[in-house]
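We begin with a single chain expressed as structure tokens, specifically the form predicted alone.
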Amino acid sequence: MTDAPRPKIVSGAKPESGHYEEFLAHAAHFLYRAYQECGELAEFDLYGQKHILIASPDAQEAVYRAPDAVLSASAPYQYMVPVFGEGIQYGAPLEIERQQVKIFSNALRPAKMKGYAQVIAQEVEEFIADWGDEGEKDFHDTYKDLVLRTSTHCLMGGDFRRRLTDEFGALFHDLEESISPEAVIDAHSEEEAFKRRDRARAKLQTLLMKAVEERRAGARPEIPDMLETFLEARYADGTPLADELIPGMIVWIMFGGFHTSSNTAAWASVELARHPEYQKEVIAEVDRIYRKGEDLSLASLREMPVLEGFVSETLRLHPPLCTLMRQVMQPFAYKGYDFPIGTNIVISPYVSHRIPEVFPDPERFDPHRPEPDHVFALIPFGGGKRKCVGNSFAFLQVKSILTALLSRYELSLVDPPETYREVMPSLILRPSAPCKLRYTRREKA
């Protein structure tokens, strides 16, 4: 017997399913209730699988600094393997995955990002060119369309982007729909969502392999894209990245950036419309920096602290990813608590960003909120060595979109402020539908 303390157990568990039904209904809201009831450590059950929510900067640091051999990121995310493919990220040995992350990092170096900024600016300019003087749009759906264009252009080049059809977005939608609480329990069940996922992944493999073959045959992009990086990539032993794995690499980074950028841009637009006083501040900064499309450069986007703070506060209140998990593979302890092998540890940015001792008055949207002292307090993209490698690209997309939009238009709400709610049709937090906003051409001095 051990005298080590145990985390408090969340109330409301059912005999067989535990807390699954409440988790399924809205994972973020369930986890927040767990924190409010139990504090820093909260134990809950999903069909017999023990999970422990941890919610404090110190606890998050302990988890993110633990070696992979002790706390595995791969084990609890095996439901992502059918999405990305065998041999990619969680479907690859740890050492190979680390090298694949390094390949991604090479695709996001400053020189490359400069080219991506030009591409994104061009896409945004073309996208909003025919909006007219005023109108109403569902900004969540609108941004999904726009981000699909900007992401595929940066990833795959202009030729692929110009051939883009609605099918490509629909295929990614089918992948996203499969990232659900059901997948955490059994990602290989006979659920129709998983059948659509597998069909979509097979179709994407065919479409993307064709692009790889065309590039190998000599087609060159106007601006160096991520596909070029993958084609030139080498593992540490000099072996090239196999062509058949490149579609999986594209799906990996596309999937990670697609919902992050589109959802964050949508939430940022809602908050701009909710807070016209802050919108005026952002617009004033936009006018100082931005003159016309070609001026929307990586350098100018780095000189926008007001917009940076606005996007950061958006990510604090509305983090797209609400459940970041690790599985205990070797004995792990924190503050005297022993975590049994096989336990899934859950970190929730949604919960962590609402700890009042860290973020005073946490439900209040404040783009001037000072950064917390603890480096592991604000974690919309995770933390430590496994922090999302694509976060800089997501930030670039969101800032580019908002800068171009606000240089022309003001945003206002169509519906009452409280009707723009947080929903989770999958494990990804997004605004409720329809996310309608009104845009009105600005009268510039």
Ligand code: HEM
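None of the values given here were measured: they were computed from a predicted structure. All residue numbers are counted from 1 along the displayed sequence.
Beyond the structure shown, there is the form predicted in complex with ligand HEM, which is absent from this document and is the topic of what follows.
Only one segment in the set 236-244, 259-267, 122-130, 138-146 has any non-hydrogen atom within 4.5 angstroms of ligand HEM in the predicted bound form, and it is 259-267. The putative spot formed by V81, A92 and A183 is not touched by ligand HEM in the predicted bound form; no residue has a non-hydrogen atom within 4.5 angstroms of it.
Listed residues A55, A394, A34, I401 were compared with ligand HEM in the predicted bound form; A394 is the one with a heavy atom within 4.5 Å. Listed residues I253, I345, A211, V282 were compared with ligand HEM in the predicted bound form; I253 is the one with a heavy atom within 4.5 Å.
Ligand HEM in the predicted bound form comes within 4.5 Å of a heavy atom belonging to K385. In the predicted bound form, ligand HEM lies within 4.5 Å of some heavy atom of F104. In the predicted bound form, E177 stays away from ligand HEM, with no heavy atom inside 4.5 Å. Shown alone here, I355 lies farther than 4.5 Å from ligand HEM in the predicted bound form, counting heavy atoms only.
Taking a 4.5 Å heavy atom cutoff to ligand HEM in the predicted bound form, the contacting residues in 316-339 are P320, L321, L324, R326.
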